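Only one chain comes next, encoded as C-alpha cells, the form predicted alone.
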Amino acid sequence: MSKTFEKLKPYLDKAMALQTARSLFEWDTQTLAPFGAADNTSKVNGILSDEYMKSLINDDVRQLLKKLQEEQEQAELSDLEKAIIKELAKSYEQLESIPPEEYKEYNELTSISSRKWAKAKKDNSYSDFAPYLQKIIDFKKKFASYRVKDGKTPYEVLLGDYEECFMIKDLDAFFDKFKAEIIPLVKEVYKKTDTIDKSYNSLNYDIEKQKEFCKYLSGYLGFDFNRGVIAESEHPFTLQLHNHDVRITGRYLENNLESSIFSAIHETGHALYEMNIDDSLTQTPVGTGASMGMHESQSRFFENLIGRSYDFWEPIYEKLVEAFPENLQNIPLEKFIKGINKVSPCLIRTEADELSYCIHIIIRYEIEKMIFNNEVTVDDLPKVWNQKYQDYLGIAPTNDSEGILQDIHWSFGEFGYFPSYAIGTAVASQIYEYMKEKMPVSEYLRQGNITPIREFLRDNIHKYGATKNTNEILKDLCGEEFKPDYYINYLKEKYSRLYEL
C-alpha cells in the first residue's frame, strides 16, 4: 500500500462508518420506525450528513487526493487503490461543490419527505406532498447548477450520478428506438389481452403465507440469511451496509399474488449483487454496484428473464400450489406461465407487464427532463403525468396514489434514477444472450440448479463492484458495449409468439 494512500485510509474509514449509520437510519425509517419519529430523526440525519461531509471535504483529504492523482504516485498504487481514488475523486467533486449548510438542510429534508410521501400516498393527497417536492426540486436544480460543465445540462449531471455511460443523447436514441418498435407491438397485444385468463391472481392470498413463500424464493435464488434479512415497507428496496449485511424489503397485497412474488425476486437480484462483491472491495468507495443501470440489470435479469420462464417454475411450482391449494390446485403450470407473462394496460410501474414496462420509465424520464428544463411546475405534474399515461398506454390515473404519488424516488431526491431501470432491463437481455452461449441455462433451471447462473454473474459482474463501469463490464464480458437491440428483439420474439401475432 502506498504511504500516501495509507494516510488517506482513516478518512475513508470514517466516511464509510458515517455513511453506514445514515443507511441504518434510512432502513429503520422505511421499515420499523414509528411514523411520528420522522421530524426528530431528520435532525440526527442532518448531523450525520454534516459529519460525513466534513470527513471528506477538508484540507487533509484534498491534499492527499491531489497527490494520489499525480502520475508518480499513481505508479505506486495497486489497481484497487486506483479505482478507489477514481471513485473518491467523483464523490469529492460532487460534495465540494455544495455549501455544507445546504447539504445538511437537504438531507434533513429528504429524511422527512419520504415519510410525508408515504402518508400523502396513503391519503391520496398530492397537495400534502407537493411543498416538500418543490423544496427537493429546488435543491436538486441548485446542486446540479454547481456542477454543470463540459456542455452538460443540469439533468445530465443528475443522470451521471446513477449511470455515467448514458447521457441524454444516448437515452433519447434508446427510447426513440424502443417507442418505434415496441409501442406498435404493445397496441397489437392489447387487442388480444383477453385471450389469457389470470383471474386466479386476484383471489385472496393469505399475507403470512405470501411472506413464507417469498422467503423461500429468495433463499432458492441464493439469498444468504446469515448475511441478510427481509423486512416490509411501503415501497420494496434493497440496502447494503457491506457484503455481509444486505437487507431487502417486500410488500404484500391480499389480492395480488404476483406483486409480492416478483418483488421478492427483483430485490433478491439486487441483494445477490451486493453479497457477491469481493471482500477486498466491501466497505470502500468501490464496494457497491458498478452503477444503478448495472444494478437494475441484475434485479431485472432474475425478475423477468429467469423468473417469468417456464423452466424456472417447473421444479418449484408445486410448492406454490401447496401454499395456496384453494386458489391454484386447478391452475396448471402452463396457465400460470401465461398469466405471469400476460400483457394488459396498467397504471402502476412496479406491477407492469414486461412488454410495456419501459414505457413507464420513458414517461418518468420525459417528465424529469421537463422539470429540469423549467417547462413544468410542481402543480402541473399530476396533469402532465396523467396525460402521458393516456397518450402512451391509453389509460389515465383516477387518483394521485395510482398516478404521480406511486413512486418513492422523488421524495429522496432521486432525479435521474428512473432511466437506470430501462438501461438495466436492456443490459439484462444482452447478458442473457451471452450467457446462453456459455452454459445450458434452461437445463439448469429445470433441474432447480441456480448455482452455475449465480456463479457466472458473480465471477463476471458482481465481484468487481464499482471498479468498472457498465460499458466496461459489458465489453469485457460480451465483447461489445451496450446494445439495446438484444432487448427489443427479445420482447418482439417472446410476445409475438405468446400472442400468436
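The first residue of the sequence shown is number 1, and the count goes up from there. On a predicted model such as this, the values are computed, not experimentally measured, just so you know.
Below: the form predicted in complex with another copy of the chain, not depicted.
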{"item": "All of N40, I47 and N243 within 4.5 Å of another copy of the chain in the predicted complex, heavy atom check", "value": "yes"}
{"item": "Proximity to another copy of the chain in the predicted complex (heavy atom, within 4.5 Å), stretch among 150-158, 245-253, 260-268, 172-180", "value": "245-253"}
{"item": "Another copy of the chain contact in the predicted complex: Q283, any heavy atom under 4.5 Å", "value": "yes"}
{"item": "Any non-hydrogen atom of L491 within 4.5 angstroms of another copy of the chain in the predicted complex", "value": "no"}
{"item": "Contact of W27 with another copy of the chain in the predicted complex (heavy atom, 4.5 Å)", "value": "yes"}
{"item": "Heavy atom of K483 within 4.5 Å of another copy of the chain in the predicted complex", "value": "no"}
{"item": "Single option in I450, A33, I57, L65 placed near another copy of the chain in the predicted complex, where near means a heavy atom within 4.5 Å", "value": "A33"}
{"item": "The single option of E472, E433, E455, E51 touching another copy of the chain in the predicted complex, heavy atom within 4.5 Å", "value": "E51"}
{"item": "In the predicted complex, residues of 423-452 near another copy of the chain [heavy atom within 4.5 Å]", "value": "none"}
